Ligand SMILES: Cc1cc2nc3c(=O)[nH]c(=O)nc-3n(C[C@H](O)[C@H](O)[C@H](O)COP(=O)(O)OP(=O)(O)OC[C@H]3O[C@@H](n4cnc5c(N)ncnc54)[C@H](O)[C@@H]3O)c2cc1C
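Okay, here we've got a single chain as structure tokens, the form predicted on its own, with questions on binding and movement later.
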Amino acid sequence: MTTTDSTVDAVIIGGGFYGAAIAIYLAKQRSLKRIVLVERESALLTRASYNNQARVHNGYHYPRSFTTAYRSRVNLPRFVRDWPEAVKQDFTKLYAIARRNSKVTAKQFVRFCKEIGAKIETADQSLRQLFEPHLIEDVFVVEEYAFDSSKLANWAETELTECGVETRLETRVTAISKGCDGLKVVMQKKDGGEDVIVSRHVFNCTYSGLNQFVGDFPGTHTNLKHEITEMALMQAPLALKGLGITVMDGPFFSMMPFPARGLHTLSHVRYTPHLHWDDQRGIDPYQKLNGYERATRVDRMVRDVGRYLPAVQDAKYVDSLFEIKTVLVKNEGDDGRPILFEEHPELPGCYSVLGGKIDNIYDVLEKLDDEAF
């Protein structure tokens, strides 16, 4: 059975951090009154917003993309200011530079950090001795944080309720089309029923599902690439508790606190990506993930990481987070993570939004500031 609701001011498709933040922005900053947020899962912030490294970037990760690094430097203090209860700061963050196969030397890394104004100092001997000196050129203490996605989800639920945003869970948008009075948004509920909402504005914040709509939706002009990724959840050994560690740039791996579970995530440039493909209409990335045999590669991660950081061999494997990671094809070469913000001229009032980092939310909100609603 299909029912048609009255016209609303905005529909936000996707209840991750970006979708929730945009809905709250539209209510608080732009005074839109009738806002509907649609999420296919049974709760908010349970997909890419949760299944990731939980890193609040400060620029160190991007020595080959100055723009991304600089924007992270600008955005981190704002994120800490706006979500202090969700930001974990009580750990020491180390960046180590590999001697071989790295795309940046220790000297280049120090120069880069100074160029973007990022705090950096040489680690003391007690920290340096954690690393294999024949494979690591230098080790630095930096300023970088982690976020607790469960606390961000609590924030989103509270704010959305206070702002009067209607949240529809376990509901999937299937089509976006032109209508006489606005954009027609067709959504399928868990029980199989369909609803149609007419909206002045639609914000497509579905991350990996950006191009999975029928109707008049034209798809994004920017080419996307998907990966099935694995984040291994580890119980850190005593020597690594209270630390976040990244080795770069080439033999790239990270072991970061994961506040939502009180564990660490272990990721590896070679073993975290399991499978990749170019985005295509009609190939639902989430269906592909659901059908994927989730065999962990944690043994291979630990074996290689252990060459650089021997103490990781004493870490205890707990679980793995499998998810789809979506990136812009044009930035694969420089590791840049700009936002995707596209208005679709074929569907006036319809926008597609994608960000590769949580702190990119400010880049999105600045774009929205320039839009007339």
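Source: prediction; values computed, not measured. Start at 1 with the first residue shown and count on from there.
Note that the form predicted in complex with this ligand isn't included here; everything after this is about it.
Engineer: Using 4.5 Å between non-hydrogen atoms, is residue 358 touching this ligand in the model of the complex?
Structural biologist: Within the cut-off, so yes.
Engineer: At the 4.5 Å heavy atom threshold, is residue 325 in contact with this ligand in the model of the complex?
Structural biologist: Yes, contact at 4.5 Å.
Engineer: Test of understanding: in the model of the complex, would residue 75 fall inside 4.5 Å of this ligand by heavy atoms?
Structural biologist: Residue 75 lies outside the contact set for this ligand.
Engineer: Report whether the minimum heavy atom distance between residue 305 and this ligand in the model of the complex is within 4.5 Å.
Structural biologist: Flag for residue 305 set to no.
Engineer: Of these, 232, 86, 173, 183, which has a heavy atom no more than 4.5 Å from this ligand in the model of the complex?
Structural biologist: Spelling it out, the residue with a heavy atom inside the cut-off is 173.
Engineer: By the heavy atom within 4.5 Å rule, which residue out of 309, 38, 35, 69 makes contact with this ligand in the model of the complex?
Structural biologist: Only one listed residue qualifies here, and that residue is 38.
Engineer: Taking the partner as it appears in the model of the complex, which of 54-62, 344-352, 311-319, 27-35 has residues with heavy atoms within 4.5 Å of this ligand?
Structural biologist: Result of the contact check: 54-62.
Engineer: For the heavy atom contacts within 4.5 Å of this ligand in the model of the complex, list the residues of 120-149 involved, in sequence order.
Structural biologist: Contacting residue: only 147.
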